[in-house]
Each structure stands twice: as C-alpha cells, then as structure tokens.
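Below, in structure tokens: the form predicted alone, a single chain.
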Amino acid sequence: MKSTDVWPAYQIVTPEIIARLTEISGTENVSLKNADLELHANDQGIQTAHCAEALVWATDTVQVSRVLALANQERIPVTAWGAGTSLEGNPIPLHGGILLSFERMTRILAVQADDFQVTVQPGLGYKDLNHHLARHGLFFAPDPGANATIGGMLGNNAAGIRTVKYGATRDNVLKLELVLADGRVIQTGSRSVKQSSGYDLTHLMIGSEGTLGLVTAATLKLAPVPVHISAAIASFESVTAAIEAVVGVRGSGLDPAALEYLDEITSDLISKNDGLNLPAKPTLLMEFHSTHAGSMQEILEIVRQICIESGAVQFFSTINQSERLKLWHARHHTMETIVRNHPGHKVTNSDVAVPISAYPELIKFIETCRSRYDVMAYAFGHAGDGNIHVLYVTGDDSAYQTAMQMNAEVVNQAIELDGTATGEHGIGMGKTQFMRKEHGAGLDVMFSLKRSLDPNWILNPGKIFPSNIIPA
C-alpha cells in the first residue's frame, strides 16, 4: 500500500468521450447541463458538494457495462447515484468524471411470491417496492426511513428500525447481477435460501458503496405483512434502566420488530411537536408483530411487566392503528422535527453502533461530551441492535468544528467499546479517518480487494479509504 497526498491523474471527460457516451446511451440519457449536474452534486449530508463532468442515466445492464468499459479504458472516475438520501457523502462524485444515475432503472423484474422473493432493478424506491408488494401480502423488511433506492440500500447496507427482527439489507439479499469496473457482468449468489458454494461475493458487494462493482439487479428476501401489530412506549429515570428493559425484552423470546431509544431531549422535543405526552426522560419505543390477535395482549402485558420491573416510570401500549402510526411517524421524522425546530442552524447526523451491553456506557459518554463541549446534540437510535444516532445542531463554523471534535470522540469511543464507526450510514467521505483504527490490518486486505477488482481505481474514488491511501 502506498501513502501519498496526491491522487492518480484521471482523464477529463472530453467531447470525444461525450460522443461515445451518447452513442452508447442515447442523447436523452446524457446531460452536461449545470442544473442536472448540480442536482446530483450532494446527498442529504453536510459534505462539500462536487459536480460530475457528465451525467449518464443508466437504462439496462448492457449499457452500464459499456459505460464502465469505456471509463476504465480511458481512466475516468464513475460514481453511482440512487436517490441521494445518504448522509456521509457516499454518492458525491468527488473526482468529477461520470455520474451514473440509476433513477430510470426502476422495474420490478419478477415477483416469486411462493418463494418470498422479488427481483428488482436498483433505482426502485424502497417504499415504492413495498407499495407494489402489498397486493401479494409481502414486504421488504429493512426500513431506512427515507424512500431510498434498493441500489443505495445495497451500497450502504442500510438498516433501520426493524433490524432487530428482520436484519439489515445484507441479511435480506440472495442474488445480485452486477457490473465490474472493466465492464464484466457477473452473477453472485442464487435464489436458493441455503448457499454454501465458493466465496460469498454477494455480501462482499453489499456495503461497498459502489467501489467494487455496480448492481443492476437484485433478488431480495421478503416477509409476510404482519396481520396484527402493536406498539408500546416506556420511559425511565436512567439510560441504564432503559437498556435493562431492552435486554429483558430481547431475552424474553417476544421477538420485537422495533426497539428504539430516545434520550430525554429528543423525547421531549417529539412529544411537544407530535402530541405524544412523553416525559423528558430516556424512552423506549417498541413494536411487536403477531399472527394471532389474542396473543398480542399477552405480549404487551409481558412487556409491561418487564419495563415496570426495570424501573419504568410511564408505560403505554396500543393495538390501535392510528395511534401506532402516529408514534412511528414521529420517530421516522425525528430529524425533520429537529431541523424545523432549529431554523438557520446546521444539523449533522452521525451514527455508531456498539454491543447492547455497552449501550449505556456509550450514551453516558455522549452526555458527558455534550456537557463538556457545550454542544446541542440529540441522541436516539435502534437500541435493539446497539445503534445510536447523534444529531449535532450548530449555528456557525466554530460551533460546527467543536461538534465535529465531539463526534470524533464519540466514534473513537464506540470503536474502543468493540463497536463500529457506523452502523448503517456507511463510510462515504465523512468517516474515512476512522477506518484504520477500526479495521487495522484488515484495511490492507480491503485495499487489496479494491485493487484486484478495480485496478484503475475508477469506481467511486475518495470513499471508504482514507484520502492519503491511494493506488500505487
């Protein structure tokens, strides 16, 4: 591995290259308009925007293959784009080149309902997919909140509130069709639920943020839409008591579908904005699925007992759909609520994850840092799998720099607790500096894999790897 501050020289997108891209893709699928380039220059995070030199809309696997073969031959960087809902600058074309958008590859290729599977193109939105699947009584379980595209979810290994029951994106994918940097098209995995053949290239690609290959089709695992759904809210005097309840609920065999944590200031904020009548205390939001209406009340009574024994000062449960939807609407829109309540301020969303046993220590560390740095920071997340989001609210550049110092401490502490720098947002541009600490010599192995599959380093350069580590 070579360390340097100078990136390899990429070729610019010349008029000749544009002519060849147009020949491959058609005039209607290539744009040099500033409005189009600027629209695809940043995601929903706070990383600095960068425009590509050319925008190409992907239409099918053959076209993607030809575009990548050309880019590889000419050494032009290519960055994939889904819906731009990521938060760490993952799809920003940092080195210019070609922005390959999958916004027009939105087809459902096959629904294999009897196998609880669906095969889709990568530009299809997660919510749009589930709207279609509802007629089959099925749904794709990972829930990132926003209407992220399936390709984006694959690139970041997106997760969300239902991870505790159904797993992250990585746990719900069987097969991929993808195009490598040199234009080769390969299939990974199979539609068989059990697979034990060769290297697991499917899961290698998931979470690689478009740095190893670009997905053009994916076969996903589905779950039956739950017949009966309940929700519960419990508030506690301390984080330790709340996590004791998390461990109790998870260990009870009740199989929660969602198990969310809100710190006291987040609980207070969404309570006032959404009329939830929550105290300003550490709070758990829970959801349970069942095929039998009779068992739902029994589940909720067991949950109530666990929470009370753990020290809950307030407990509420419901099987009423409108009440449940109101609760999860508030949770899904937490970031929007924070932004709306701090006009003129920058809101930066960071996430880390730790073992559940280390969750109270991490939350207390965040609270200590918040006081020491005097930073407005909301903490909430997926307590059922140890994931926490910290949203920093800053009014000027000085405050932002202070908040990022705190964030670095939080990330390093998560790694020290045998956790990770990011549970579901990915590395992108925002967290490359933590990769060596988290992975050690494993980062060198990742580098070797990258060089093997993308020797010209054209796929999404500037992501995942620290900026001073580049191809020799």
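Owing to the predicted nature of the structure, the values given are computational and were not obtained by experimental measurement. The first residue of the shown sequence is 1; numbering continues from there.
Not on display, but discussed next: the form predicted together with another copy of the chain.
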Just checking whether H292 would be counted as a contact of another copy of the chain in the predicted bound form - the rule being heavy atoms within 4.5 angstroms. yes
Does another copy of the chain get within 4.5 angstroms of any non-hydrogen atom of R66 in the predicted bound form? no
Partner contact for V445 in the predicted bound form: another copy of the chain, 4.5 angstroms, heavy atom: yes
So, L109 and another copy of the chain: in the predicted bound form, are they within 4.5 Å at any heavy atom pair? no
Just give me the single entry in S86, T149, S350, N387 that has a non-hydrogen atom within 4.5 angstroms of another copy of the chain in the predicted bound form. N387
Ok, N320, N277, S192, S371: which has a heavy atom sitting within 4.5 Å of another copy of the chain in the predicted bound form? S192
Only one of 126-134, 68-76, 159-167, 305-313 has heavy atoms within 4.5 Å of another copy of the chain in the predicted bound form; I'd like to know which. 159-167
For this chain shown on its own, do A49, T61 and S467 all sit within 4.5 Å of another copy of the chain in the predicted bound form, going by heavy atoms? no
Counting only non-hydrogen atoms and a 4.5 Å cut-off, give the residues of 396-423 close to another copy of the chain in the predicted bound form. D418, G419, T420, T422, G423
